[in-house]
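Only one chain is included here, represented as structure tokens and corresponding to the form predicted alone.
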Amino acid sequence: MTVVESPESIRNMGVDREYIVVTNPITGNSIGQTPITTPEEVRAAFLRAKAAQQAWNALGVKARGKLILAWVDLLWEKQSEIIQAIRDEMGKTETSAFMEVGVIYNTALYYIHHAPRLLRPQTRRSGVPVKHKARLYYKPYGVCGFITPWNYPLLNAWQDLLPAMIAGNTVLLKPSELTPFTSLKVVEMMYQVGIPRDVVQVLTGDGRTGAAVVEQVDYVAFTGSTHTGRRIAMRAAERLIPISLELGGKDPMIILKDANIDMAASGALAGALENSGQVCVSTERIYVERAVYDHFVERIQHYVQRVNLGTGDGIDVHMGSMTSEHELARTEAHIADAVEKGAKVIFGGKRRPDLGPLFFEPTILVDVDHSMQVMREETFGPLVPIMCVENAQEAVRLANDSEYGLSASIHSRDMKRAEAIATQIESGDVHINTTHWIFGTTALPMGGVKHSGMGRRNGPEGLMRFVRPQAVLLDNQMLDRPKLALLDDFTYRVVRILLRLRRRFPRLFL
């Protein structure tokens, strides 16, 4: 059994420790154990990170980028090891694990290239031209804490950590207790390329460790459930520290009558079954216009029979194991609730113990409505509930009839109309004729509205959330004389003239 100790834990080997056993979801066998980092150890890690932050920031954006480039090149070189670590902890397919590596490689390259320009000090127009000079600087918050989930242990952590580090922050990472070894392995690779150990530290543990991180850091980024995110937001508000939250989703897909039905049906399965449905942006409810409803249901039944569910390697394995009994039980509960209220299971709906303890068939439900949990609560499992609607207007209304608003998708041949409909949907992003790709589109920000969270990852927005602006105004004292108030007679006249000029020539003076 692999036992991992944090540096602070090693210094305190005399104390009794609690451990968490990590298991492989496919076999059910233990793959190791990690210690529960105590609040005292979190505090010590924070102090080390705080002490290291000034030197890390002083390196400058380009120097930090070079170190991160060396790390991401090493990550790419050793991708097979990382992919295997992810699969051992998660039970997902090889292609899903590869996508985590690919997205992070792309994310690193984006911020290495764009951060020097985005973080460069700016000159702004001053209130009093010639006399005043207005400058803006971007300064890191200090120590950023990241509490990350198990479903994408590499992607969901480093898509946030990388911009925070490039911006000059140091990092405390608390990974999920289900998938700590991926983070430990990846951080060790950061140390190998010369990133100082106190710049990024992994703190293994459970919810107690996560709560201790929130108590210490200068900024909190959390990805996980809405329930936990709300509690973190309340504590962060009490501490008056900034946060970003990516929370639950119940992402809709709308199939318009002019859609390519074969592409829509296969795309719906890809969007719903990626990582066995354990994705924040998973397609969790589908609305199909009546004119093509029967055709769509027939084609999705055709394609779902070709889904390869299994433990093997390679691109031809479409779906792997679920990761925890908790998620599987919730999936079954949503099916039972839907069937009790009149829905029909037309494919799947059963466990597959012949493949492993947590395998579950891709499941298609029809005759669903919004009285059912499967259409209102996040499932996080391989379910495909399909609802017939009269028209696009009804589809949009039902898509917006949710407390969540993370992602959405539309299938249509009319791209202009689909884009117009997309802007009517209450979600952080909308895909047209595909799903999930905003994760890998690093120039576009992604994040939730309503109960799906706040803040954005990716794009300039994903970097700038980790810095605070500092304004500097310089007065050269031209034509000044000693005065005891901000406005003397001369200054008063100048201000009045400037205000009139601004009203008449805004482009020149604003």
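A quick note: this is a predicted structure, and the numbers were derived from the prediction, not measured. We number the residues from 1 along the sequence you see.
Beyond the structure shown, there is the form predicted in complex with nicotinamide-adenine-dinucleotide, which is absent from this document and is the topic of what follows.
Engineer: Hey, in the model of the complex, does T223 get a heavy atom within 4.5 angstroms of nicotinamide-adenine-dinucleotide?
Structural biologist: Yes, T223 is a contact residue.
Engineer: Going by a heavy atom distance of 4.5 Å, is E177 a contact of nicotinamide-adenine-dinucleotide in the model of the complex?
Structural biologist: Heavy-atom contact with nicotinamide-adenine-dinucleotide at 4.5 Å: present for E177.
Engineer: Using a 4.5 Å heavy atom cut-off, state whether K344 contacts nicotinamide-adenine-dinucleotide in the model of the complex.
Structural biologist: Result no; K344 lies far from nicotinamide-adenine-dinucleotide in the model of the complex.
Engineer: Answer yes if any heavy atom of P140 is within 4.5 Å of a heavy atom of nicotinamide-adenine-dinucleotide in the model of the complex; otherwise answer no.
Structural biologist: Answer no; every heavy atom of P140 is more than 4.5 Å from nicotinamide-adenine-dinucleotide in the model of the complex.
Engineer: Among V187, A264, I364, L406, which has any heavy atom within 4.5 Å of nicotinamide-adenine-dinucleotide in the model of the complex?
Structural biologist: The residue in contact is L406.
Engineer: Select from the listed residues E378, E274, D429, E89 the one whose heavy atoms reach within 4.5 Å of nicotinamide-adenine-dinucleotide in the model of the complex.
Structural biologist: By the 4.5 Å criterion, the partner-contacting residue is E378.
Engineer: Flag this candidate site as yes only if P149, G207 and T228 all have a heavy atom within 4.5 Å of nicotinamide-adenine-dinucleotide in the model of the complex; otherwise mark no.
Structural biologist: Verified in the model of the complex; spot residues all in contact, yes.
Engineer: Among 246-254, 364-372, 162-170, 131-139, which stretch sits within 4.5 Å of nicotinamide-adenine-dinucleotide in the model of the complex, heavy atoms only?
Structural biologist: That would be 246-254.
Engineer: Looking at nicotinamide-adenine-dinucleotide in the model of the complex, which residues in 442-470 have at least one heavy atom within 4.5 Å of it?
Structural biologist: Those in contact are M446, R457.
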